[in-house]
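Provided below as C-alpha cells are two forms of one protein chain, presented individually as structure 1 and structure 2.
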Structure 1
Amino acid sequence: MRTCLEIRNVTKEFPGVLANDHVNLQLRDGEIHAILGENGAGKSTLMKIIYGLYQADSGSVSLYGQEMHFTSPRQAIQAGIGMVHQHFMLIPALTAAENIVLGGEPGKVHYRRKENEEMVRQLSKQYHLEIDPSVKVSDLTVGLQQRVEILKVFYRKAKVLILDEPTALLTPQEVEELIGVMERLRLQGIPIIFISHKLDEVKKVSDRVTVMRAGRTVATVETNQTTPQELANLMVGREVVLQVAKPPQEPGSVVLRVDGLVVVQGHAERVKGVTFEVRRGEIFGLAGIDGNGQFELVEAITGLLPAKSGRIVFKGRDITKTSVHRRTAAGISYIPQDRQADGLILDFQLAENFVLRDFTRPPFAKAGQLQMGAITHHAERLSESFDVRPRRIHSLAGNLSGGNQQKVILAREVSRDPELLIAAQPTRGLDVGAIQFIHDKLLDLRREGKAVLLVSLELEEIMSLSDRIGVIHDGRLMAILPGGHVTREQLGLLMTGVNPEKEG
C-alpha cells in the first residue's frame, strides 16, 4: 500500500509549550488512521500543521512522496486535503447550502440558490448525511451543523480527510452514521485521519492507531492487534481503570423541583410541561436525542432562558423569576454544553475565566475591587488540581486545547461547592483519563450529598452514573426510570418517543 501522507520529525513550539516534539506519522492509502492522545497532547496542532494553519518549526510533511510547504489552508485544500475542525467554523446567518459552497461557488458572480440547494441535496444523499440545504445554520442543532461541516469538505473533493474529534459533538445515532460514511469513503480509497477520545469508536472504525503523548508520537499499532486497555495505558503512560465505581446510596431531601415547566425559544415551544425532582445525594440523568428540549430545559433552570409557565423551586424557594446571578449565588453550578460560546471568554486570561461566575464575591472581590492575589491563587490551585495543561494562568483561554478548556469550566463549576450541579455534556472532548476524573468528581459530589443533574447525549455516561434517568422526547418527559436496571434498548425506544409501557 502506498504511503499517502508522511510526517517526519515535525516540531512545533508555542511560547512555553512544546506542542509537537519530533512527530512521525504515516498515512497509507485507503486507511482510517486514528490518533489518540490526552487533552493537549498536540493532536490538533499536528493537524493544523498538515492543513497549513500553522507552520512547523522543523520537520517535513510530504504528500505522495513530495514535500509540501503549505503556508495557508487554501494550498492544502488545493492539494486535496480536507479538514473538519474540532470547533465549528460556519457562518450562522447563512443557509446550509450557502455555507457548503462558499469559497467555491459554482456560478461566477450570480449565486444560483435553487441549483446549489439541489446540488447540496444530491451531495447529502450521496453521503447519507441528510440536511435541509435551505435552513439557516443558526437554526440547526449541533449535530446537524457538524453534518454541514463534513459535507463542505466533501464538496471540495478532498482526497485526504482529516476529522478532528468529529464525534465529540454527535449523538450516538449520528456517530453510527458517520462511521458508515467513513467506511464508504475507505472503500473509495480515501485515507482518513480520525481523532477521537472514544476508544470504542477507534476500535470499531480504524485500521491503525497512533498514540500521542506530551507532543510526541509514542506508538503506532494495528487496531485489531490491540485492546482498549493497552491504548489507554499508552496514552496516559500508566494503568487506567475504565470502570465507574458507584456505591449504593439513599438520596436525601429534594433540592430542585421543576413543575410543569414550559419554555419557548424563538417561536417554538421547546419544553412542553416538564415535571421532575432532583434530590440530595443523587445523580439525575436526562437522556434524549439532541434537539428534544433538554438544553432549553437546563437553560431555563439556570435562568438563561425565561420560563413561559410552570415553576422552578430550588431548596424550597421559587426561583422561576430569579436572575442568573442570584441563582448562581444560591448554589447552582452549570456546565454549559457549548464551552466556547457560553462557558468561557476566550480572550480572557485563564485566571479570569476561573472566577467568571464568582468574581463579584469575596475573596475574589472586595468593595468592588478585584483581588488579584486571591484570583491568581484560586487559578493556580484549580489548574493544579484539575490538571489543566499548560499551567499558565495568565495566558488566554483561547490558547488552550479543547479538552483543557473543558477542564477549566469543570474546575470552576465543581469547585464552587454547589448545592446543585447541572452538567450538560460535561465530558465532551475529554480524554479517557480526564473523563474518569470528571466522573469521579460527579460521584464525589453525590457522596457529599449534593444534587447533580446530568444531561448527556451519551447513553453509556447516563447509564453508568445516574441514580434515576429521565428520558426527554419532543419537550416532554417520557418516563423516569431507576438507573440500575434500564437497558440501552429501553432508553433508545423512549428517546424516539415510543413508550412500551403505555402501548403494550
Structure 2
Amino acid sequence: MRTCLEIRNVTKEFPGVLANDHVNLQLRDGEIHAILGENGAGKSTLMKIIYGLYQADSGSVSLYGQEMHFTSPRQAIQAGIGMVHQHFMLIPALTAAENIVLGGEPGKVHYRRKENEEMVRQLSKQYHLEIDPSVKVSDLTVGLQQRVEILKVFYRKAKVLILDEPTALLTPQEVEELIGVMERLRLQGIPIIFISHKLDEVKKVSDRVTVMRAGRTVATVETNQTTPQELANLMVGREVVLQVAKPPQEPGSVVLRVDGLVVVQGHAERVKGVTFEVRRGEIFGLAGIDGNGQFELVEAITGLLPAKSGRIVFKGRDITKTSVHRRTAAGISYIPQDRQADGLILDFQLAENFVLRDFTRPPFAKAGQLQMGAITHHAERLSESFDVRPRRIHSLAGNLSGGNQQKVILAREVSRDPELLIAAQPTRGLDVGAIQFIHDKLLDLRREGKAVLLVSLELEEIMSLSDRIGVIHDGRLMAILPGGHVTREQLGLLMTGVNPEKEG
C-alpha cells in the first residue's frame, strides 16, 4: 500500500513545554492507524499540526508525496484532510444538514433546504452513516452528532480522516457503532488516523499502532503482532498492572443510606424510588446505560438537584434538604462526570482550583482574606503527591491535559479526608496510566475505611473495583449484586431492563 501521509521529524514547542519532539509517522492508504499515548503525550498537538491549527517549528508534513505547509484548517481541508475533534464543532440550533454544508452551501445566494437535505441524505447512505438531515443537532444523541461531524468532513471531499479521541464521549453501544463505521470506511479505502488511549479499542479496530510518550514516537507496530500489555508498557515507559488488585475486606457501618428517593428534572421523573446504602470500607458501584437516571441520583445526593420524595441519610443524619455547602462540610466529596464544566474553573490557576471547596476556611482564609502562602504550599504538595504535570501551580487549569485536570479534581476531593467520596465517571477519557493511578487512590480510600460510591459507564471498571454493584434502568434500581460474582452478560441484561430472576 502506498503512503498517503508522512510526518518527518516534526517538532513543536510551547513556552516551557516540548509538545512534539522529532515525531515520525506514516499513514498508508486504506488503513486504520492508531496513535496511542498518555494524556499529554503530544497526540493532539501533532494532529493540530497536520490539520493546520498549529505550525511545526521544524520537520515536514507530506500528502501523497507533496510537502504541505498549512497555515490554517481551511488549507488542510482543501488539500483533503478532515478532522473530527473530541469536542464537537456543531451549532445546536441548526439542523444536521445545515451543519454539514455550513460554509460551503450550494445555491450561493439562497439556501435550498429540500435540495440540501436530499444531498445529505444521499451522502449519509453512501458512507453508511444514516441520519435524518432535517433534525436539529440539539435533538441528536452524542453518537449521531458524531456522525454529523464525520459527514461534514466527507462533504468537503476528505481523502484522509483524523478521529481525535472519538470514543471519549460515547456510550458503549455508540462505541460499537463507531467501530462499525470505521471498518466500513476502511473497506472503501479511506485512510484513518485514530487517536486513542483505550487499548481494547485500538486492538479491535486498527491495522498499525504508533505509540507516543513525552512528545516522541517511541514505536510503530503491527496491531496483530502486539499485546495490550506491551502497548501499555510502551505508553507509560514502565510495567503497567492492567488487572486491579483488590484484597478482600469486611465493610463497616453504613455511611450513606438512600431510601425511596424520587427525583424530577424538567417534567420527567428521572429517579424512581431508589433505595440502597454504602458502608465504610466499601466501593458501591452503580452501573447503567447513560441517561437512565444515575447522574440525577448522584446530583440529588450531593444537593445539586432537589429530591421530590424519599430520604438521603448521611452518617445517621437526614440531609435530604441540606445545602450543598453543608453536605460538603459534613464530609462528602464529589468528582463530577464533566470535569471541565463542573469540576474546575478553567480560567483559574491550579492553586485556586485545588482549594475551591475550602477557600473560605483556615488555613486558606483568615478574616475574609485569602492566605496565598498556605494556598501555594497546599497546591505544591498536592501537585507533587498526585503527579500533576507540568508542576506549574500558577498556570491555568484549562491548559492541562484531560488526565491532569482529573488528577487536580481527585487531589482536591481526596485531600479533604472525606467520609464519602462520590466518583462519577472518574476515568472517562483517561489513558491507562492515569486510570491505574485513580483506581489505586479509590482503593486506598476503601482500605482506610472510607465509603466510595462509584458511578461509571465502563463495565470493566465497575466489575473490577466494586464490592457490590447496583444496576439502574429507567430510574429504577433493578438489582444489587455482589462484586466478583457477576458477569458482563448479567449486568447487560439488567441494564436493558431485563431481570432473569424475576422473569424466570
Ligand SMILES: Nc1ncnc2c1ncn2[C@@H]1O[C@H](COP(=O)(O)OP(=O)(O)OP(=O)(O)O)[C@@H](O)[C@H]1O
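Keep in mind that this is a model prediction, so the values were computed, not measured. Structure 1 provides the reference sequence; residues are numbered from 1 along it. Think of the rigid core as the biggest set of C-alphas that the two forms share within 1.5 Å after superposition.
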Item checked: Pair member which, unlike the other, is the form predicted together with the ligand -> 1
Checklist line | Glu67 C-alpha moves between the two structures by 2 Å or more, core aligned | finding: yes
Notebook entry, point to check: Cα of Asp342 displaced 2 Å or more between the two structures, core superposed?
Noted result: no
Notebook entry, point to check: Does Gly215 move its CA by 2 angstroms or more between the two structures when the core is aligned?
Noted result: no
Item checked: Cα displacement of Ala158 between the two structures, once the rigid core is superposed (Å) -> 3.5
